[in-house]
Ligand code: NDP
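The chain below stands alone and is given in structure tokens; this is the form predicted alone.
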């Protein structure tokens, strides 16, 4: 039986693995995608010691560090279920594989939100995408729309503007909640047009996206002709697995943790974007901090004889 199973291969999960390994805990680190949401950051400018680094490159460094310890076993696999067993927990992975652990740290992050409008599902992968920083490269010299008003949307618009001929930044309000740094960066782009106080009602297309319909006309038309649509309206915490164990969830839908990253279920800890910690401020730095504390708490839990 493993001492700790860490589910999630992003910033929080890798950091937790580094600390649990330093505590000499037998650590099983598992997730469907190495890097997680960290891979979607085209430019990271707030990680201490790195003035500027690409998200995937930073995640590669985290992975190399975590897997440098002999105590860590890394497994790329989708986790489909988890159950309480005598002395710990059993994690079920794809292909009918299982692993048992005395403690579990959930670092499953979040899932992208969908608009839920006609055409969104039909044209997913055919012009509709949920990561502008990942997919902007495919729209060189084309016209795209980025939907949203937070960091991911505004950063995505800035990245898309580097390759696309035209970028519409569509937001339902007249001001942005994004970091001012990114708002200023987008405003400097001459090929970005702000389409404010508008909602997207439909995605239109044939074999691929051809345009989006707005709830109010913009420059005389309720249709914007675009080749691609980047939906960047935030994300929801990935709490399906914690819910299966009966972990308490807060009023915003996040896994509730205390100052020690403990959940309401003994032996279960949480770290990163899925938790109620760090004032719901989803950052690389807060995820790493929570991963650190979660590993320390798992170690203390095991030391106490549970």
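Residue numbers count along the first chain shown, from 1. Everything quoted here is computed from the prediction, not taken from an experiment.
Only in words, not in the display: the form predicted together with this ligand, which the text now covers.
Peer 1: Can all three of 177, 199 and 233 be found with a heavy atom no more than 4.5 Å from this ligand in the predicted complex?
Peer 2: The answer is yes; 177, 199 and 233 each reach this ligand.
Peer 1: Since exactly one of 127, 109, 149, 101 fits, which has a heavy atom within 4.5 Å of this ligand in the predicted complex?
Peer 2: None of the others qualify; the residue that does is 149.
Peer 1: Considering this ligand in the predicted complex, which of 140, 113, 84, 75 comes within 4.5 Å of it through any heavy atom?
Peer 2: Only one option qualifies, and that one is 113.
Peer 1: Heavy atoms within 4.5 Å of this ligand in the predicted complex: which stretch among 280-288, 20-28, 294-302, 5-13?
Peer 2: The contacting stretch is 280-288.
Peer 1: With the partner left out here, check for me: in the predicted complex, does some heavy atom of residue 46 sit within 4.5 Å of this ligand?
Peer 2: Answer yes; at least one heavy atom of residue 46 falls within 4.5 Å of this ligand in the predicted complex.
Peer 1: Taking this ligand as it sits in the predicted complex, is residue 172 in contact with it (heavy atom to heavy atom, 4.5 Å or less)?
Peer 2: Judged by the heavy-atom cut-off of 4.5 Å, residue 172 is in contact with this ligand in the predicted complex.
Peer 1: Is there a non-hydrogen atom of residue 168 within 4.5 angstroms of a non-hydrogen atom of this ligand in the predicted complex?
Peer 2: No, residue 168 sits far enough from this ligand in the predicted complex that none of its heavy atoms falls within 4.5 Å.
Peer 1: Taking only heavy atoms into account, state which residues of 236-268 are within 4.5 Å of this ligand in the predicted complex, ordered by sequence.
Peer 2: The stretch does not touch the partner at all.
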